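Listed next as structure tokens is one chain, alone, in the form predicted alone.
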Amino acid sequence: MSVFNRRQALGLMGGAAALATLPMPAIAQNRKVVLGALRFTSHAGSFVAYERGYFAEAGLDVELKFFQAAQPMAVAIASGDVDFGVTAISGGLISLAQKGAVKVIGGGLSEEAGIDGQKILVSDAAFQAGVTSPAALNGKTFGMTTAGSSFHYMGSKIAAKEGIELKFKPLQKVGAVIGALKSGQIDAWSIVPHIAKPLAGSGAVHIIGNVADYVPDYQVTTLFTSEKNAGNERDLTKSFLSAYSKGAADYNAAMIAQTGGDEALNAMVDLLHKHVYNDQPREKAAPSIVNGTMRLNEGAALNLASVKDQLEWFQAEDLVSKDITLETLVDGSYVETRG
């Protein structure tokens, strides 16, 4: 197995049915673990497990490390700067998996029928010019962080189903995409509801569709780690997944099922506000956090059919090698898989 440092990793860029029921491995030695995350509500499983001590109970001394996009997190996993990550599948992650650097080990967030999901947005200028549905996006610019990102995948799926062409514009960071959309420098974008709805509420952009109509049952984010952890540190990896799954279950109970009523929902908003929209007052951040509610995969279960579809798209677009197999990308021995 190859050992990757940061320079090498950057160069490469250019089953359990319910984990919460698993016995916790006896590794409680305050093992230091760096967990990669984005400041999105979709990363709630990590934030809840961190704040409620589930990682600590598993013997893990977790440090949260925040990123602006998916691909840099994959690089950090490969170089050893980060131990576990939760983010969308990207071309960079797949290429690193081919080199024996990373493995997908579970599912994070999925599009699900009946639960509000990711939105398709257009700038006010585009909307006023008649772009009021995805079918009207032909020839328009679509924002993404980088080529081979989840935004690239979603935009391409929308274009294919509508029989149109999009001009993709890479802007590196989510914040830059938001700025470009609000100012009309790009015409369209797709993003999770906790970002989409406040943007639409400002009047600077408009919602014209749902990603789920174009990518049903989309495995939006996955949990991943290094090949070394997946292959040789099974107790560590199981402990991480079990603790994360407890956090995800708490989130789903409070925000989806709402079994604890308003009190539990408000407590969850307070917890998430420490990490999501934490630069805003709680009263301003709360509606956005609630708007971002999407179900997290129970037990970190993984939709393999969706992962396979994503891999095949990356290969069809010549963004990754056609020699990469699903088994190269995924270690399906840790969680329940379907598809």
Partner chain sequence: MALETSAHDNDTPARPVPYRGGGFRPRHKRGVGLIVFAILIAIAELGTRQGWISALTLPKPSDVFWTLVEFWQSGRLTQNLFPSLTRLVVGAFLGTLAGIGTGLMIGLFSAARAGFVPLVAAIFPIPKIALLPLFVIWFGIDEGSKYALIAFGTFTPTVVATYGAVDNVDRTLIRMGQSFGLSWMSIVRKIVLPGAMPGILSGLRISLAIAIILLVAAEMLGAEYGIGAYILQAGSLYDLDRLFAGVVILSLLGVVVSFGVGKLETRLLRWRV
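Owing to the predicted nature of the structure, the values given are computational and were not obtained by experimental measurement. Positions refer to the first chain, counted from 1. We call the rigid core the largest set of C-alpha positions that still match within 1.5 Å between the two forms.
Here the subject shifts to the form predicted in complex with the partner chain, a form of this protein not shown in this document.
Peer 1: Can you check whether residue 78 is within 4.5 Å of the partner chain in the predicted complex, heavy atom basis?
Peer 2: So residue 78 counts as contacting the partner chain.
Peer 1: Do residue 127 and the partner chain come within 4.5 Å of each other in the predicted complex, heavy atoms counted?
Peer 2: Residue 127: no, not in contact with the partner chain in the predicted complex.
Peer 1: Does the partner chain get within 4.5 angstroms of any non-hydrogen atom of residue 234 in the predicted complex?
Peer 2: Result no; residue 234 lies far from the partner chain in the predicted complex.
Peer 1: Using a 4.5 Å heavy atom cut-off, state whether residue 95 contacts the partner chain in the predicted complex.
Peer 2: Close contact exists here: in the predicted complex, residue 95 approaches the partner chain to within 4.5 Å, heavy atoms only.
Peer 1: Thinking of the partner chain in the predicted complex, which stretch from 128 to 136, 225 to 233, 68 to 76, 249 to 257 has heavy atoms inside 4.5 Å of it?
Peer 2: It is the stretch 68 to 76.
Peer 1: Can you pick the one in 220, 241, 186, 196 that has a heavy atom within 4.5 Å of the partner chain in the predicted complex?
Peer 2: So the residue touching the partner chain in the predicted complex, by this definition, is 186.
Peer 1: Just one of 171, 207, 204, 265 has a heavy atom within 4.5 angstroms of the partner chain in the predicted complex, so which one?
Peer 2: Flagged contact: 171.
Peer 1: Tell me whether 91, 176 and 318, taken together, all sit within 4.5 Å of the partner chain in the predicted complex, counting heavy atoms only.
Peer 2: Every listed residue reaches the partner chain in the predicted complex, so yes.
Peer 1: Can you name the residues of 133 to 160 that have a non-hydrogen atom within 4.5 angstroms of the partner chain in the predicted complex?
Peer 2: The stretch touches the partner through 146, 147, 148.
Peer 1: Superposing on the rigid core, do we see a C-alpha displacement of 2 Å or more at residue 185 between the shown form and the other one?
Peer 2: It does shift by 2 Å or more.
Peer 1: My question is whether residue 174 is one of the residues whose C-alpha shifts by 2 Å or more between the shown form and the other one, given a fit on the rigid core.
Peer 2: Shift at residue 174: 2 Å or more after core fit.
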